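Below you will find one chain, with nothing else, as structure tokens; this is the form predicted on its own, and questions on how it binds or moves follow later.
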């Protein structure tokens, strides 16, 4: 189904959400009682979603949030207040509350006049989702539902979801920064339940990018539905997963979440500074096998975690965290970089104007190697092939993790054989990095995700090429 109507409508440059003179007055008010640094973050986000379950449209929802968060830093103390009132009086009141919460004393801090940054949106939006009718979005849901059910009578339940958002932000601070960004995202997902002799099994497939409704020029929702249904049907005949330590081959894209959770969070500077990371104090050390390169890239358009500026107004960057197995550095937000006298890495993110920013990943992935995926498989006499991982748990202080396998197969004599189910991968992030002994050249990004940390969720992406972990514990239920 083609999404593009003629003529296309390109995005326009992002305009400030609040008058610049009002922003200047607000920053001065925030530092009036003393303080070293003040920041105003303004957000205007519009979103819509639709869902279909059991053949019926369950909801068609639109929403909007609009407001500002004001932060004041005085030494090691931070004060924060937020308001949905963007009038001069509303911003002034929030500035006074933030200043008081910072427990600042002494003379008034200085402010520089905001200077507009030159960053433009990271990509062009051809079809703003807000201009697309709700009926057209529902038609996509119905098509996915019909396609999934046509895959076989064992498909008993189908749930489909559509979502889009347009988020405009403006960031200004007392050091003269003034930056804006517009982030448009579109998402589609299909979940299926199959029922048979193997019990009840599920399959899910999603797609999402930082683009407009033109997503559906490249993504066929019928293909997503077929993939989700076939995954559920395949698992009906799957064998229980084996148990024990064995080689695990992770397919392109599907295992990126493992490295996001088990390694990426440990490279966020706030956890490092708290001593809650196994990677603390190890810059310059060999922390992974030679050939392993781990990157976090907020400029990776049009992936789910990309943006032009972070939520502190700093440009997104491509940060090589581990290069050829050697730890290069950590992800930083603005305040930690400022206190360390270093440049930021563009990783200061927040869920909304109601939240303080913190260090967060963007698009985190293992870079390509030079092996062919078919050679990696052929060189593995026995083991497990993981096409997709599900949710898991990680202890960032130790690196220990447990992840569920949502699609996996036995490897026997270098070939994929029977599908397996009801299995987990159990291991340690740093140890897994050292155990990677083959990396393919078929890199792919995985499904779009929302990363939760300290009660905040932000959009992220992750990916891998095909790779092999020489030894990893599989927790299965087979005798």
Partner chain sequence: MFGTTASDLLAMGDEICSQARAGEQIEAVLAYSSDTEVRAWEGEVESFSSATSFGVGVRVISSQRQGFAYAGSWEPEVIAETLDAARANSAFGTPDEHLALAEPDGVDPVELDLYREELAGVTPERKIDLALALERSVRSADSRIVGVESADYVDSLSAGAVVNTSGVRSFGRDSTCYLMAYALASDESETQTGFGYSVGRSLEDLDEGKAAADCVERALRLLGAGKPVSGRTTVVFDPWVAAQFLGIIGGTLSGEALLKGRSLFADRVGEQVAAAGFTLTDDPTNPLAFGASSSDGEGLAARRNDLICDGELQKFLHNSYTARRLNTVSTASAVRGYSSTPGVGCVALAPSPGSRSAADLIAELEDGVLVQGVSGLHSGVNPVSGDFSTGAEGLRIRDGELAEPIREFTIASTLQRMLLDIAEVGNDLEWLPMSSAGVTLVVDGVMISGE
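Positions refer to the first chain, counted from 1. Take the two forms, superpose them, and find the largest set of C-alpha atoms that agree within 1.5 Å; that set is the rigid core. Since the structure is predicted, the reported quantities are computational estimates derived from the model, not experimental observations.
Note that the form predicted together with the partner chain isn't included here; everything after this is about it.
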Only one of 274-282, 222-230, 178-186, 322-330 sits within 4.5 Å of the partner chain in the predicted complex by heavy atom distance, namely 274-282
Only one of 126, 295, 138, 92 has a non-hydrogen atom within 4.5 angstroms of the partner chain in the predicted complex; which is it? 138
Heavy atom within 4.5 Å of the partner chain in the predicted complex: which of 410, 445, 60, 434? 60
Would you check, heavy atoms only and a 4.5 Å threshold, whether residue 422 touches the partner chain in the predicted complex? yes
Close approach of residue 80 to the partner chain in the predicted complex, 4.5 Å, heavy atom: yes
Using a 4.5 Å heavy atom cut-off, state whether residue 415 contacts the partner chain in the predicted complex. no
Please check if residue 174 has a heavy atom lying within 4.5 Å of any heavy atom of the partner chain in the predicted complex. no
Would the partner chain be touched by all three of 166, 348 and 387 in the predicted complex, meaning a heavy atom each within 4.5 Å? no
Out of 355-381, which residues reach within 4.5 Å of the partner chain in the predicted complex, heavy atoms considered? 356
Quick one: core overlaid, is residue 447 moving 2 Å or more at the Cα between this form and the one not shown? no
For residue 422, decide whether the Cα shift between this form and the one not shown is 2 Å or greater, given a superposition on the rigid core. yes
